[in-house]
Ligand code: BGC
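In the form predicted alone, a lone chain appears below as structure tokens.
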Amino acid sequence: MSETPFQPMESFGPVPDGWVWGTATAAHQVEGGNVNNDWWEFEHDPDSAALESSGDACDSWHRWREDLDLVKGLGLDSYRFSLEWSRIELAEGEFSIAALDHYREILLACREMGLKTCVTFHHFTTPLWMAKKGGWTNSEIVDLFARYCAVAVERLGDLIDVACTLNEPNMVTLVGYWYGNFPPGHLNDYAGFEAATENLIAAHRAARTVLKSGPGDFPIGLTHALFDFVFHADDQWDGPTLTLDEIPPDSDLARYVHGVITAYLDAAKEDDFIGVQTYFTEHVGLDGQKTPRPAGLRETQIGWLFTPEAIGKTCRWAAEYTGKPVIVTENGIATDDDEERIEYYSKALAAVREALDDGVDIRGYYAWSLLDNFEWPQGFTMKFGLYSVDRETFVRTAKPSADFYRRIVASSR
């Protein structure tokens, strides 16, 4: 019996008042020339996990107006992008007025174009001068990050509509100190993982206090890489699973769950919203390691399970756990097959729609990503974008998924 051909979503349906449709990028992944942070050094370390240098990336430092035109052309309400700390604070205590004015120019252009701004203050990259001092394992970073946020908000706050203090801080720690594929490249460094977790949460709270002081008046939260988790009682895919309450408190899985999931959800209870970023379902064993997968499961280009419906589950979980509104601050797929991208977005948005209809307080959705960009250790090999980018000319070219997203957004008006 042949399978029924997949039919893309034709309409999302009406959205609640205040809902925002958007798309997102991150400074290091698109700007190019970010030579003053830990990622640039990591990319150029032959012993690191990085495949290549970010180099010029998408040249968005110069071509940001083109990017805003693309966002506007999709009929979106909002653009999420990040500030690059290492451009703003060139050395400890040395701030660049020119860099701040550059970001202010982007924010002003958004305002003039009718685009709301969602600004992230830290998206994976840390200034090299801070990394040399121990990065997120050094408690000094809490006050230093808050000071950077204070300087930035003083110059930019009146033009910010939504602020995210940290992007996926749980990935900074998990992949940087447990898996070794992000800076500083430590493998199974549990002490570093726990110290960095403590400092990231403290930095988030300190930054929130600073940002609340203004100028500007905008909701503040963090974004959470909240997979649709399945916890296993052993390392067997088909074996028994555990609820959060059943996880042995002295296990590596308990350490994993606290540092990767609950510590940040608990912190978000004090925020204005929780940013949910879900791409797939993750299976984790009692040892805190990924459970080996059976052969034949559908995977995306980056090797993640093809489970677009996961976003609906995590939106429900985050809203229930924190009691806060949810914004889907990232969601998307790495694939060379744009029909597969349309399928993924169709199924993910259907799950979001179902959660909305069930009363989950979701305030918006940001597609990841506007552009094919630098995807961290995988370099430019992973294609998440609604637009492709020529690696030599930087010309942006719309994919069919861009038109699909535009039509879905229009259907909700």
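All residue numbers are counted from 1 along the displayed sequence. Just so we're clear, the structure is a prediction, and the values are computed from it rather than from any experiment.
Another form exists, predicted in complex with the named molecule; not displayed. Remarks below refer to it.
Across the options 228-236, 120-128, 291-299, 88-96, residues that bring heavy atoms within 4.5 Å of the named molecule in the model of the complex belong to 120-128. The named molecule in the model of the complex is approached by Q277, whose closest heavy atom lies within 4.5 angstroms of it. By the criterion of a heavy atom within 4.5 Å, D67 is excluded from the residues contacting the named molecule in the model of the complex. Using a 4.5 Å cutoff between non-hydrogen atoms, E343 does not count as a contact of the named molecule in the model of the complex.
In the model of the complex, at least one heavy atom of E330 sits within 4.5 Å of a heavy atom of the named molecule. For the residues Y321, Y179, Y190, W304, the 4.5 Å heavy atom test against the named molecule in the model of the complex is passed only by W304.
Taking the named molecule as it sits in the model of the complex, the stretch 358-385 comes within 4.5 angstroms of it through a non-hydrogen atom at W368, E375, W376, F384.
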